[in-house]
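What follows are structure tokens for two forms of the same protein chain, given separately as structure 1 and structure 2.
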Structure 1
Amino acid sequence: MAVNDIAALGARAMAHVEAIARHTDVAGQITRLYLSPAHRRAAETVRALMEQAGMAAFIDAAGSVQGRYEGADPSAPSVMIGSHIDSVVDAGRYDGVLGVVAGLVVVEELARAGRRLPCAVEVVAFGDEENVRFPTNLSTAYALSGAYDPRWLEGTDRDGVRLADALADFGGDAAAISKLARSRGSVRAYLEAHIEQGPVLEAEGLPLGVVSAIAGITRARVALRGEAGHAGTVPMPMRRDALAAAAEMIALVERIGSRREDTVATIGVCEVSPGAVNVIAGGVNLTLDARSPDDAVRRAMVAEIRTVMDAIAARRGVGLTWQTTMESPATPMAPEVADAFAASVEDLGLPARRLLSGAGHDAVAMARLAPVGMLFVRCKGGISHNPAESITAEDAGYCVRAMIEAVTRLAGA
């Protein structure tokens, strides 16, 4: 393997990343939420890139982009490469997108060599991995794996727009989503490349890592309802201050989430009303995100958090409602796929470092359909979900080369 091979692969991957990064709904940043105009433009760009690479491609009923590079035996189960092109608000370039473009460059390389593997190679750019706009859970990946929840269609964004209506405006078709489900056995393996979103690989001087498992996630919305009042006239003991209750809860959530090395718990949103300097807060909306690689541990942690929140609310005379919006199971990687990645990394002269993913990925949903595996790529400072997100072209090249070799192994070539 020549150095210039890695450089060329990395350069092409980075060029594709830039082509997708220009699509945003907010000037001066990357914000590309599911079913937004920027998502549609990015999907069209990815479809064009797939077709240029030699794939038959289309945007499906749920808003994902699917491409297929046919194999020697069209009836054989395919190897699928995927990730997502939606983003968080004010995002970086590489989260999700790197995995999509890695698949694109894999197919470009096969087509450039005039090579057909024993089975087809598919590339999928999912549209709803971040689940930022609507209260869903990896909905576009679950559409393919056969577990799409039709109740998601009635969910609304902050502006009150229903997912079903946004999908229609996007050009999708809610009635056809059920037809996207693949049969088990039609995909022999699902592979996903992703930036690490953590500092381990950089700290150890490694460009690549092999994921061993993905942590399980619980997300919830918590609404607190106290009583607004004049900040200068209501005595402290007589207040029903929703924000004071929330502050106590936030501190205890942090403490509970910190008890173990393998758990985390985060209050990511705190919306206060009426939000005036001289008014006691009458209402607060919170979000909870709790994670662990052990589902039993995660469920026990969430139960404790809920018990603590209920007790604080009762003591302070504040009403509390709880809505669980996501339950995503811990997902071990399939040994055969993880081993294929490990062998491919070692073929590059690198150690196959195994590590846990604390972040959720489309691979969780795809594990219902096929054996799954993930490859992590070093990112600067471990920073993600941030405009400072950064990787090198060389590391992107290593990623693509390892992906090519893993695909080849799993395809039986």
Structure 2
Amino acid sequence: MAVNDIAALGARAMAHVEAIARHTDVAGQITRLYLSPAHRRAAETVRALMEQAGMAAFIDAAGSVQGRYEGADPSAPSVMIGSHIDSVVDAGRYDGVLGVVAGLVVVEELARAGRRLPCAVEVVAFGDEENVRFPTNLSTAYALSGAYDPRWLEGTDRDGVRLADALADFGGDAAAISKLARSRGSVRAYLEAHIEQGPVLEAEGLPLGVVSAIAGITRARVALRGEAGHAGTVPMPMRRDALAAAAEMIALVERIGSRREDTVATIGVCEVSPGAVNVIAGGVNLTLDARSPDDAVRRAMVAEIRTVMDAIAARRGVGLTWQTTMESPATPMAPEVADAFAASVEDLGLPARRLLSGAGHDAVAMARLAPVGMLFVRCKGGISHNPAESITAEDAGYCVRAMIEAVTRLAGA
């Protein structure tokens, strides 16, 4: 495989990324929330690109774009490549879009070579991965994998617009969503390329990584109730300082989260009341976010954190209430898909670095339907959900090349 090939594939992928990045609901940003006008225009752009690549394509009842490049045996289970084209507010251009574009360029390459694989290659551009606008959870991918929750249709955005009404305006069809569900066995593998959203590949000088699992997540709110007081007049031994208690807890969460390579634990919110220079903190609200690819490890970690927090609170005479706000199990990647990615990466002369996905992806929902695998692409500074999101054209080329190889392997060609 020539270097020219990588450069050409990368340039093509980057051009498609730009074509989608033009669609935004907020000028000067990339903001493309699920079912917005910009999402509709982006979906039409993707459909047109799919058709130009030689696929049969349509925008489905839930707002996803589906394209199919037929295989030698139309009845054989397909290989599906997907990711999403919705974005967070003031997003970067690559999160989600790169995975859709990778699928597009794979089919372009197959079509250019006049090549049919033994089975169809499908490409899907999901519309609701960021779960920013409505209180949903990967709804468009669950529509395909058969676990769409109809209550999601009643959810409203911050302007009070129901998802069902936004979907009708978009041109979707709430009543037809249930028919989107694919039957088990109809998809032999789901493949998703995505920017890493973390710093590991960059730190190790690697363009690509093979995801071993998507971490499970526990989130909790922890409210501490101490006693506010005058910072000058309450002697140290008589204090019940909620922030001093929180500080001990934050330090221990960091220590517990750092004990294993396959865990992270984060306190991202620390709100102090009353929060004045001369007042001892009476109350503190913390959030916990704890992740691991191993559910038993995560549950044990969270249990330990909770035990330690309770002990600190009790010792200090500080009240503690714990509310678990999210409990999401881990999604292991299917070994055959991960191995296909690994072999394809090694064919490029690169080491097949296995790594954990700490963030959730459409693959979590698709794992219900088919064996899933993910390919991570190095991104600058590990930054995502930010206009500064950045990858190189060369890395995009490596990504597409590895995806072509993996699809070919999994199609049994």
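Quick caveat, the model's predicted, so the values are computed rather than measured. Between two forms, the rigid core is the largest collection of C-alphas that superpose within 1.5 Å. Here, a residue number simply tells you its place in the sequence of structure 1, counted from 1.
The second of the two structures is the form predicted in complex with a further copy of the same chain. Remark: the rigid segments turn against one another between structures 1 and 2, and the hinge among Ile214, Val121, Gly257, Ser87 is at Ile214. Between the two rigid parts, the smaller one rotates 26° against the larger between structures 1 and 2, as C-alpha superposition shows. Taking the core as the fixed frame between structures 1 and 2, we note the C-alpha of Thr287 moving 8.7 angstrom. Here Glu261 exhibits a Cα shift of 6.5 Å between structures 1 and 2, evaluated on the superposed rigid core.
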